[in-house]
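Encoded as structure tokens, the following chain is the form predicted on its own, with no partner shown.
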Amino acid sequence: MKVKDFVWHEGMKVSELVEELGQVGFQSVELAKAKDVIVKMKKDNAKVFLTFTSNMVTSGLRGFFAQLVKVGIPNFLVTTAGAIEEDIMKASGEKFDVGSFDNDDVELHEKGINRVGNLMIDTEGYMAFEDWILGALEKCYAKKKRWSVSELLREFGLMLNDEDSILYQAAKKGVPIFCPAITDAGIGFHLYLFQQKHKDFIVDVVEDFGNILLGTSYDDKKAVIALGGSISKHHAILATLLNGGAEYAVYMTTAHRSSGSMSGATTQEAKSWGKVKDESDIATVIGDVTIMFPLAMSAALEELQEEGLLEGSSVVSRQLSAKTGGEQK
């Protein structure tokens, strides 16, 4: 393959853009490869694990994740506790603000504002979340006393009514959400307080390990789209490891492999563990997920939609057209 100069043309689709970037060089090549791997995993009917960290739900990717569930891309979601509470907060009407990476953090603290990069979350939003979660837990406790995490999150999703909510869409579509570190956020504190009043209330994390492991078999084709690192990434690829490894893997991260961290570990490194099969289709994209993932995934959606491989393809086509200002002929 030769390096090719990028040239824009009128009416360029996202898939055409990403394809052109595939010959520009550096991470653009990996971006185009990631799109190809995503298309292949869906065409091959692989069971897809989509993993992401909570900061991505803080951002505007939250509604995109919900849409991907709606059109049938992931079979499993794996995330962190902050993503759960912030999805509920947004579904309840909370709005996050775009600020600056250089805001005065002491001043923000005095105003009751919490900064995530250049995004701002009002502390009062967490107070509203507290009211919601306590009511939700009372309803769950009235139904039964012992829950796996994924069961509990499905129940939460059934209580919401927001098309852009990940929990809501996952509950509607029967896509389990795994959150192995459910206590690692404010939601964990509320679970603890609730259990102090109801000693027989149990949220079973170990049971959910069995659920994610038994969600696939050794014979299933398996795929991982890991956005960022953390426990959400490792939990999914551990599940694939114990079932023979994944045939497809796309990692996107700003972390570097030289750190030796899970966040920086590449798809190539995963082969040494058997998390990804030796002959698998893989891509590792180094870059901001809020930029890279919408590009690669939108390009994949266009290709899959054209081939009728998305659930509700005509609806997706109208949605994509509306977002790009196009018109369906």
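What you are looking at is a predicted structure, and each value in this text was computed from that prediction instead of being measured. We number the residues from 1 along the sequence you see.
Form predicted together with another copy of the chain: not shown, discussed below.
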In the model of the complex, the one of Leu31, Val39, Val69, Leu50 near another copy of the chain [non-hydrogen atom within 4.5 angstroms]: Leu31
Using heavy atoms and a 4.5 Å cut-off, decide whether Pro180, Glu207 and Pro294 all contact another copy of the chain in the model of the complex. yes
Here the chain appears without its partner; judged in the model of the complex, the stretch of 134-142, 168-176, 231-239, 153-161 with heavy atoms within 4.5 Å of another copy of the chain is 231-239
With heavy atoms only and a cut-off of 4.5 Å, decide whether Arg257 touches another copy of the chain in the model of the complex. yes
Going by a heavy atom distance of 4.5 Å, is Val98 a contact of another copy of the chain in the model of the complex? yes
Can any non-hydrogen atom of Gln268 be found within 4.5 angstroms of another copy of the chain in the model of the complex? yes
Using heavy atoms and a 4.5 Å limit, would one call Asp219 a contact residue for another copy of the chain in the model of the complex? no
Could you pull out the residues of 288-309 that have any heavy atom within 4.5 Å of another copy of the chain in the model of the complex? Asp288, Thr290, Ile291, Met292, Pro294, Leu295, Ser298, Leu301, Glu302, Gln305
